[in-house]
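The data below hold one chain only, encoded as structure tokens and taken in the form predicted alone.
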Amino acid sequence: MAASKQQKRPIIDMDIHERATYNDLLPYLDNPWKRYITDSNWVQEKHLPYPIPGAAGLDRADAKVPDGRPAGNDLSFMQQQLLDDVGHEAGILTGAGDPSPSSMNGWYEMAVALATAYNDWVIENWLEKDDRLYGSVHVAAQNPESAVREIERVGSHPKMVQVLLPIDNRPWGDPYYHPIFEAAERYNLVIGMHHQEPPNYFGNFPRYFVEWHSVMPNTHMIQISSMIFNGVFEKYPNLKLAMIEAGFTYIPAFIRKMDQQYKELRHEVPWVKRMPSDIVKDHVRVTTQPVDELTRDEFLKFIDLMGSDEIVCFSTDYPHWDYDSPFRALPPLGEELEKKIFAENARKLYPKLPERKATQ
């Protein structure tokens, strides 16, 4: 079933979580950073006050590696369970969020060392071992100067296609972080943003995980408006932004709200020269997962309200508990729109992805 659908539909998956354990990173770390892990059992601080109440926690129960390693830690198992079974043309690796160097609230030197180690690990063990996989440059964005150095170090690798920033409690549009965007644009890299463990409103968490997960689009909206109203896309006209893992149904109401506010208050941000909805159409893409269950007519209505069928891109979120299958997650949308959502919108977003094959 999967093979026959693959022949009809190329898939570019914008959110696959490979996982590095701290032991995996040791060969790529120098001392004293290595010793803090081996001798002091250091792990990065966590923020969520609750566990993820899925059957197996964060991940699909069947995605755990048969030898007991955590899901996403073994390339051959991921190839078998995801890439070969589904028939991916390409997949963008986004890491597992632990470690997440840019999320560290202190000890930025350790964050820099972890980012460098992670990038070297993913290039050697994943990107250079499967032609279908592409990577995200991890940086310690708290220190933009170091982040730029890391982009300059690995950003020209042909399989690195974006710089990954976590969605936590830092609005990334702040001019303090603009050197990162200048470097990303210079190296033809997209800025990918994926939520880490953000409070859904600044300062605190809701009482339950279901609340936190339900209002996740709020944190994505904060980042999109931060990037637009701080003039990032006016300053870096070739920069693109991928908002990963909050779905897409929030976009129509959000761009309408930003447009209205811009009409009334644009004197406050004179550096923004275009309507926010036009900036979103030109620069911002969002992924489907976790997709809302929609009928065909409902899905098409959301696309119509966005004013563009090039904003939405497909993602599975493998191996997480709320994985979306490309064969079941979306209603039938017609051949042309399905081509765009499952592959062509992502292909246009990432300039380093290969051209579409003539037979596809």
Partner chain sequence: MKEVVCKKEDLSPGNIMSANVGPIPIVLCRTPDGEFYAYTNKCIHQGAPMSEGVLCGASAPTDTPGEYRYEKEGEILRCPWHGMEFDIKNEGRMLVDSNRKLGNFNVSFDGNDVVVSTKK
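Residue numbers count along the first chain shown, from 1. In this text, all values refer to a predicted model and were calculated from it rather than measured experimentally.
Form predicted in complex with its partner chain: not shown, discussed below.
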Worksheet item: Of F302, Y28, W33, Y323, which residue is found within 4.5 angstroms of its partner chain in the predicted bound form when only non-hydrogen atoms are counted?
Response: Y323
Worksheet entry | Partner-contacting position among A61, L333, V65, L48 - heavy atom within 4.5 Å of its partner chain in the predicted bound form | A61
Worksheet entry | Touches its partner chain in the predicted bound form: E293 (any heavy atom, 4.5 Å) | yes
Fill in: Heavy atom of G54 within 4.5 Å of its partner chain in the predicted bound form
yes
Fill in: 4.5 Å heavy atom contact, A329 to its partner chain in the predicted bound form
yes
Item to complete: Would you please decide whether Y208 lies within 4.5 angstroms of its partner chain in the predicted bound form, comparing each non-hydrogen atom pair?
Response: yes
Worksheet entry | Stretch in contact, per heavy atom within 4.5 angstroms of its partner chain in the predicted bound form, of 302 to 310, 33 to 41, 315 to 323, 66 to 74 | 315 to 323
